[in-house]
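A lone chain, given as C-alpha cells: the form predicted alone.
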Amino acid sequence: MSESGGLTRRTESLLRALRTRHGRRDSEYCFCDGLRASREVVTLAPGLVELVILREGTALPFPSPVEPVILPQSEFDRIAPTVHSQGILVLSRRPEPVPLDQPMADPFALVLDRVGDPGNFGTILRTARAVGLHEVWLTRGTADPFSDKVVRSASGAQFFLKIRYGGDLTELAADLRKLGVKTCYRTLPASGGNVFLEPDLFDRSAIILGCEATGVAELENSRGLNIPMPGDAESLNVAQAATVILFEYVRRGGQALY
C-alpha cells in the first residue's frame, strides 16, 4: 500500500473513499485520525494495522507494528479527514463482528437503536469501555462504528469492544431473548421506571438507547426506563443518558467484572 517515499494511488483513493458512507460500505478497512485514537488502535489491535502515516516533522510517541510512511505536509493534508490534524493517520482492517447467537459477554446488553450522531455514538462506546463492558449491540440504521469520526470520538474504543449488528429493534430483541434476556428496557424522557430504583436493571436485561431525533423505536413487551430530571428539562442528550445509566451499573457493583 505504500511506495518508497509515499503512498500508492490506490491507497490514496481508498483513504478518500473511507471518508464516505458509500466508500465504507462492504469495505474491510477503516482509518482514524489523531494521536489518542491512533494509539488505541495500534495498542489494542496491532495485527489489524495496515499503515501508519505521519506528517513530516511529526514524532510517533508509541511503538508502531509497521514502518510508518512519512508524507510532506501538502500530501498529508490532501488525505487527512480533519483541517487541523495532529499529523498521524492509521489505516486498519475492521475487527470481525460477533455473531448474534454467541452467548452474551456481559450481564446485560447495551443496545443502540439508530443512534446516528458520530460524537454521541463515539462517546457511548468510550463510556461502555470505561465501565467494563465487553460488547455493544446495534440495530439497523445506527451509524457506522468504524467511520473516522466515530473512531476519533470513541478514542478507538470500538477496537476493544465487540460489536453485534442486528436488524430492526424488534428483530434484535428476538435475538436477545433467545440468549436469555428477560427484560428489554426502552429509555424514555418522561416515563418509565426510575433508573436508580429498578431492582433487576442489569440482570439478564437489554438497555436500549434511541435515535437522537425520534427516540427508541416501539417494542412490544418492553418496559420504560427513565432518568429523573428535577430541573424539568425536556430530555438528556443520548450520550449523557448512557453515561448516567452505565455508571449506575458501576455504582451497583458492576466494576467487579474487571
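One-based numbering along the sequence shown. From a predicted model like this one, the values you see are computed outputs, not experimental measurements.
In what follows, reference is made to the form predicted in complex with a further copy of the same chain, a form of this protein that is not presented.
- In the model of the complex, a further copy of the same chain sits within 4.5 Å of a heavy atom belonging to Thr123.
- Heavy atoms of Pro228 reach within 4.5 Å of a further copy of the same chain in the model of the complex, making it an interface residue.
- Among heavy atoms of Asn237, some come within 4.5 Å of a further copy of the same chain in the model of the complex.
- Taking the partner from elsewhere, Gly141 is found to have every heavy atom lying beyond 4.5 Å of a further copy of the same chain in the model of the complex.
- Residues with any non-hydrogen atom within 4.5 angstroms of a further copy of the same chain in the model of the complex fall in just one of 31 to 39, 202 to 210, 48 to 56, 216 to 224: 31 to 39.
- Every member of the trio Val131, Val244 and Glu248 reaches a further copy of the same chain in the model of the complex with some non-hydrogen atom inside 4.5 Å.
- The single contact residue among Phe146, Trp137, Phe160, Phe108, judged by any heavy atom lying within 4.5 Å of a further copy of the same chain in the model of the complex, is Phe160.
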